[in-house]
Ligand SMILES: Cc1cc2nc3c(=O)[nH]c(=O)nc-3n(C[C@H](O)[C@H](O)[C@H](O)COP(=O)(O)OP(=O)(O)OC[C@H]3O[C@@H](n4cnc5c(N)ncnc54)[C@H](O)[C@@H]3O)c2cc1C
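What follows is a single chain, given as structure tokens, in the form predicted alone.
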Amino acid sequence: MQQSIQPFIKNLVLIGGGHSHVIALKMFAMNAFPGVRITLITNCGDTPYSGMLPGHIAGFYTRSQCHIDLRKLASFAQAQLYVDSVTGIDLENNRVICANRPDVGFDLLSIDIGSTPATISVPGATKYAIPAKPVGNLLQNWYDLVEKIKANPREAVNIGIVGGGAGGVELALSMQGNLKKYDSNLEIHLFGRDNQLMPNANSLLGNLLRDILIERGVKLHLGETVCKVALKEDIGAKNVICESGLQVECNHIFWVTQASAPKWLESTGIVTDERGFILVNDNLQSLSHPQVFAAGDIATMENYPRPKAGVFAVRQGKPLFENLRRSLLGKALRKYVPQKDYLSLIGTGDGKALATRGWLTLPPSKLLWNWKDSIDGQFMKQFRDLPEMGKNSLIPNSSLLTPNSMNCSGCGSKVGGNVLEKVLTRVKESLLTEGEDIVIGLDSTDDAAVVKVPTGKVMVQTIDYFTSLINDPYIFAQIAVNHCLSDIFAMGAIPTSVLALATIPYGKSSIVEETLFQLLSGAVKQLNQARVSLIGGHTIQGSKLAFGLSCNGLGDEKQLLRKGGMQENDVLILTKALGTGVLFAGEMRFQVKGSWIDNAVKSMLLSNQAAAECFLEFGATACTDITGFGLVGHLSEMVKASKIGVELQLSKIPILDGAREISAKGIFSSLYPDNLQASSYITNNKDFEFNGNYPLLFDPQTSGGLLASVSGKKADGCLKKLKELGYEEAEIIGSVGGEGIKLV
């Protein structure tokens, strides 16, 4: 009997990668819920931990040490990760509106997006000052400043920090602690509108921090309200101008004043406090919309208002998870009462920290810094050291599932006609108008599509289909389209129409519809860019998301590019870096950095269409695309077809970031052992087996680059054009001549 596969019947969407959400995601991962599909929407693949950011700016932590890898965490939780910015929420239809992708449907929604910079009404500040949030922008400006100071250590640097609260004070101490070792001409000015630093804390703490800042050479301007920032055009510096008439020249200004909620929340109709933050009850549930939960800085508990501090967001993670779980199961929610006071350990940027709670304050010491470092390290460790897939003891919870849920085979596994009709109606809005060669296409209810073949042309056909390698159907479909069309491009033909084949994970109708809509929207986006018509297809339900295309193209028989045709003194040009196979094998074992996967996705989203046109322009003699058989596997086919050998420069072969590190750990794609058999075509493989690039020669690629042979006289011009077209990793990797494949 066929094994029963549990369908998705609930759709949980998390907006934002804040502290509460990362904890909730980790708990969902350790307490698996069959039947619940989780989607995390965030504008970045990693998220900063606020407790370690000042230490990072002070130089004690690397960026990766103070950021949580959301891609790794989402993979561990078997959640979809959508990297995009949210611009609104349609609460009547339960859809999240995104900036660069189709709307995302939900049954239950949780919001943890922190806060955004308050609207800066001070003239000149928006243009000339750097806000503390978003953190990524602040850090990039900080990195640029540090590099500039390193390059010109004698140049005078005047930094202005506007804001006398905890953020401004920590930023001033951290910057001073880091920069003092580079620049003796450093001045840091801290502006605060109150007469005391951190006015909401006890006066002892404010006075202690004031003394520390003065001792460290930071110039304090307390009781000063900044009213204008003006550019001094003659020298390029800015003047920070205060209401009192005080003017201070600064060439770098950081704005660390009170934050606010994003403006788009106003249009959702959700109930907020007077500052625009979502009002929630004791269950962390919206007062106006029970299908919405919120935590962290974006939320205000109606009965227990607390400061916008990371410690409260961390503490809300567990109760948020518990109430999301209970809501999904239809159980009564549990009340959460936050603590009134909390211990705060504040780093002073010099390897010391002070401690404060209520009216108690302990002066800075290395012991307190070590304590803080240990606490922060333990917090981050739970997100860094994740067990490999299959080794995490997930505790299944099947309470959501209907008994005896059995999924049919044969035609019974097809996606329902009503669902398909709804999706096609939505997708057709973005489809290109079908070309004159399409006689019967998607607009018809006929059983098959009909396509004309123009006189003097030949039909070029190919098919590809594979399971998803990324938990985002919209992005996966774009990658799959590029991969499938690549065979047409590699032959110098022009794709004209495609039939789609999709497998959608089992689920209730609304979730199947949502997945199929995201998938086809991504496919149509990429097909439109290539000017290719979607003319039909087939959809079924199965255990895993999968997608593929049967592609039709047209070409001139006498001008087609083939694998045979390489000539003596040609050179080999590869358009993309290798390594997608090992990177995604590493992701399954939680061994990769999210930035490595982001870079690989960027490469896979780059179509080969422009590269193919470039190779035709420069008279390529042979061409193929590098996909499942790896570089050597596909190159060996060119060698056999052309009846001539090649010489590969191993050091010139472009490799994706992280691929060497993963292969060095012995982690490879499941297809790698078969591909490795192609090493027999390498005449001197024994001499290079221990080279770091060698294993990547056999790595199967998804949406890999094109490999073409071009006359040596035209190679430099061809390579230059490829880079101008956006193929930044394109390289000349070898030459044609001799026998077999020789490595140098």
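Since the model is a prediction, treat every value here as computed from it, not as a measurement. Don't overthink the numbering: it's just position in the shown sequence, from 1.
As for the form predicted in complex with the named molecule, it is not shown, yet the points below apply to it.
Contact annotation for Ile159: none of its heavy atoms lies within 4.5 Å of the named molecule in the model of the complex. Proximity of Ile15 to the named molecule in the model of the complex falls within the 4.5 Å heavy atom cutoff. Although the partner is absent here, Asp472 is not a contact residue: none of its heavy atoms lies within 4.5 angstroms of the named molecule in the model of the complex. Although the partner is absent here, Ser670 lies well away from the named molecule in the model of the complex, with no heavy atom inside 4.5 Å. With respect to the named molecule in the model of the complex, the three residues His19, Ile113 and Ala132 uniformly fall within 4.5 angstroms at the level of their nearest heavy atom.
Exactly one listed residue, out of Ser85, Asn141, Ser244, Gln567, brings a non-hydrogen atom to within 4.5 Å of the named molecule in the model of the complex: Ser85.
This chain appears without its partner; in the model of the complex, the one residue of Thr39, Asn675, Thr702, Thr42 with a heavy atom within 4.5 Å of the named molecule is Thr42. Partner proximity in the model of the complex, defined as non-hydrogen atoms within 4.5 angstroms of the named molecule, places exactly one of 688-696, 675-683, 713-721, 49-57 at the interface: 49-57. If you take 254-285 and check each residue for a heavy atom within 4.5 Å of the named molecule in the model of the complex, you get Val256, Trp264, in sequence order.
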